[in-house]
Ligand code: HSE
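Next up is one chain by itself, shown in structure tokens, the form predicted alone.
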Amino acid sequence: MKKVGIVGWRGMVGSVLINRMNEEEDFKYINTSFFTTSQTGQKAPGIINAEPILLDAYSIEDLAKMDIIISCQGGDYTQKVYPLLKEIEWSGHWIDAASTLRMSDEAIIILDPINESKIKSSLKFGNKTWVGGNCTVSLMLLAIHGLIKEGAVEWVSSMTYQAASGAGANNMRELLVQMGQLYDSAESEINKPNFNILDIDYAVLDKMHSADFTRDNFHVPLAGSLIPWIDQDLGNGISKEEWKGQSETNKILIGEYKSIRVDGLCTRIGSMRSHSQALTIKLKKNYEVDEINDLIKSSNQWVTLIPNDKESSIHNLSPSAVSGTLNIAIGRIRKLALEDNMISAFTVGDQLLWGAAEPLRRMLRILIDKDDSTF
């Protein structure tokens, strides 16, 4: 059995990955070592076929003994450790959740329902660096996979509504703290039988603007508000998160599909988990809505088409409906009045699963069971 080292297994993505590996019984087929940056020598998780003691995540000697390393530790760790393994000509496979290596020539962005042939071809030619893609890119591609397979897409404008979980565990906690502080600021008014909504609104705004309002991670209010910028400012009016839409989409597609143009705005909203996206899609010809729906439904087993009516949409096309599942919901599909070939769509998926952990898990399965295409 392959020796697999897992780093960053206590974090959000790492925890979701371990849960999914347990659910799919992946640990039965590997010998696992858990690595840590702070608790070397302590007891490891009680997993079948796992080493009982935590190993040092910075020990190149111990890491080099692994056939496969899965890192959910973050970009700083990758920048420090990956080059050191390359220096000693480590021959194993590196599977990474961080964005650090995504656009490097040696890395393949992994999203096997979309680019399985590319992954397996690269594996045959000796590639050993595999990186999970940007969460919104992966979720968007899965949602419109059927249109991409048909070669129907000319361009996509994606307006994202990204959950706090995309920024990390501390940010999720901060969102909840902010929610509590806003409620506390207006509680006395809320509980009055004859409440005045403007008094409640003023109290909430005062709290948002106060010096003691918690904003250590987001730096601004998210609860009761939104943040119209995610990731670094690239200096030309575009955020790095928005830049990833075009660059990562086409790195995933090239080799199996034609490239498509992608652009849009990325925003952070007060959802705990799961990212949503409003898509404007320019098609290459005038498809009927029923044809579009059939293409979407036929794409992959995780896409769920939601009928474009009010009740179906409000109950099934939201973060609360899909969080914790592998379902990629897509709905609000209709022709736009702007042009015959243009449609709208709205999609939502759990970015901790298909947007992060699941592609890593499935890449591991490709490596440990190359001939099994049933997983």
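Every value quoted in this text rests on a predicted model; they were computed, and no experiment measured them. Don't overthink the numbering: it's just position in the shown sequence, from 1.
A second form of this protein, the form predicted together with L-homoserine, is not displayed here; the remarks below concern that form.
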Would the site accept L-homoserine without a clash, i.e. open, or is it blocked, meaning 3 or more of its atoms lie within 2.4 Å of backbone or C-beta after superposition from the pose in the predicted bound form?
open
Can you work out whether residue 245 and L-homoserine are in contact in the predicted bound form, taking contact to mean some heavy atom pair no more than 4.5 Å apart?
no
Taking heavy atoms only, is residue 268 within 4.5 angstroms of L-homoserine in the predicted bound form?
yes
Within 4.5 Å, heavy atoms only: does residue 115 come near L-homoserine in the predicted bound form?
no
Residue 299: touches L-homoserine in the predicted bound form, heavy atom cutoff 4.5 angstroms
no
Given the stretches 290-298, 73-81, 107-115, 165-173, which is the single one in contact with L-homoserine in the predicted bound form, using a heavy atom cutoff of 4.5 Å?
165-173
Identify whether L-homoserine in the predicted bound form is within 4.5 Å of every residue in the set 158, 277 and 332, based on non-hydrogen atoms.
no
Though L-homoserine is not shown, can you say which of 182, 253, 230, 152 has a heavy atom within 4.5 Å of it in the predicted bound form?
230
To verify the annotation, which of these, 142, 131, 135, 119, has a non-hydrogen atom within 4.5 Å of L-homoserine in the predicted bound form?
135
Going through 332-367 from first to last, which residues have a non-hydrogen atom within 4.5 Å of L-homoserine in the predicted bound form?
351
